[in-house]
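There is one chain below, alone, in structure tokens, taken in the form predicted on its own.
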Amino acid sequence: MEKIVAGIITIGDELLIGQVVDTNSAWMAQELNKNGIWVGHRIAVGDVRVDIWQALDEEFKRASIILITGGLGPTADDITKPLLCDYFGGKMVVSQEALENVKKIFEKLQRPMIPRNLQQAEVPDVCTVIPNKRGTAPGMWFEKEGRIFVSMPGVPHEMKGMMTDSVIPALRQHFKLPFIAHRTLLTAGIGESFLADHIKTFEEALPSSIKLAYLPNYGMVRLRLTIQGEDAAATEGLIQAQFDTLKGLVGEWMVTDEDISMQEALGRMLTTRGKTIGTAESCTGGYIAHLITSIAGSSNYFKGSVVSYANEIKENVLHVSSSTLSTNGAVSEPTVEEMVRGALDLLNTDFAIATSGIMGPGGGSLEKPVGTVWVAVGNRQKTLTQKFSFRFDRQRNIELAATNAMNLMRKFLLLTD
């Protein structure tokens, strides 16, 4: 089956100067890949007519599908729509469908419309309008010499709605796409290179139709198997057999055999057990609580957090003894153990996580250099502690501390089953 290749063009000066991070391309690439469409190139261009035109020409030569985001707003720097009108040799007309959508949105917001807002309903007459159920700027579908060009807003929420509701279904109708299957698992506690050595024989013996990818991130490594085929049942059977073998090889470090985050995996474990958790955070400053509560439904198992950044909060709120702090210091095993006990009592939870460390860039010593972190997890019967030594900048040290703290809690839950 012929491979269908897509190109992604993101438009906006804000992307090139780093003012806005381009998350659209990554999301679109994932959705395309799920549907058997391979992304060949991703291009970011500023709000410059000649650069956008050149990018369109380049992708026309090498891709069957060109997805474009950005530049569809009502201000002068939003030049994508008139440029596309010229590129495809059309003229601007008012789309009644888009106009009604704009009017409904402003009526709902109880805000007056100005001519600039009404211009959002103007589209090239050579395009098919893609409804925008989440905003005022319609999407546009163009066809030229067998290529499909799709222009969508740069606002991620609006773009995702269009892709899911309209673009992907239309592409599946237009092209004969292969079946693609993925299997992903998450490991923690083993580095990428050691993991690669451990499964070297397995990787070398994989069928040529299956690809293995290593995706490292903050103390974790995702392993993803990908297969492409025409027969869905046969393809699924082949990849599942290999995935089962892989799980057996990395079981010692496997967090989950799904493509989910550490915090979601931990949340599922707590939900299954009907247990609750809280955190007492010093060096992580509430970041663990943030990660846990980023998961929908976390209110069922997460009760709260104490950000005990200062020693007086450790003493007065969590009841860490002054003698423990004066003898051992805030960054110590006895301190985090007492923080866990204090959090369990104060938050009335089944389990608690505590962290204390030196994130940098200053504050370290020969005995306790920057990156030293103590983590404790526990319940009312037992506490488990571990010391970590990180070597990165402040933000990455915080992220690593949070990931490893949640993983230690995950291991503790397994021990208490």
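Model, not experiment: these values are computed from the prediction. Note that residue numbering follows the sequence shown and begins at 1.
From this point on, the text means the form predicted in complex with a further copy of the same chain, which you will not see here.
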- Query: Pick from 313-321, 233-241, 166-174, 83-91: which stretch has a heavy atom within 4.5 Å of a further copy of the same chain in the predicted complex?
  - Reply: 313-321
- Message: Under a 4.5 angstroms heavy atom criterion, identify the one residue in E100, E107, D259, E252 near a further copy of the same chain in the predicted complex.
- Response: D259
- Message: Please identify the residue among I227, V150, A289, V123 with any heavy atom within 4.5 Å of a further copy of the same chain in the predicted complex.
- Response: A289
- Task: Considering only heavy atoms, tell me if S95 and a further copy of the same chain come within 4.5 Å of each other in the predicted complex.
- Result: no
- If you check in the predicted complex, is R116 within 4.5 Å of a further copy of the same chain, heavy atoms only? yes
- Contact between H41 and a further copy of the same chain in the predicted complex at 4.5 Å, heavy atoms? yes
- Query: Do L215 and a further copy of the same chain share at least one heavy atom pair within 4.5 Å in the predicted complex?
  - Reply: yes
- Query: Is a further copy of the same chain in the predicted complex near all of N35, S64 and M269, within 4.5 Å of a heavy atom of each?
  - Reply: no
- Those residues of 123-153 with a non-hydrogen atom no more than 4.5 Å from a further copy of the same chain in the predicted complex are R134
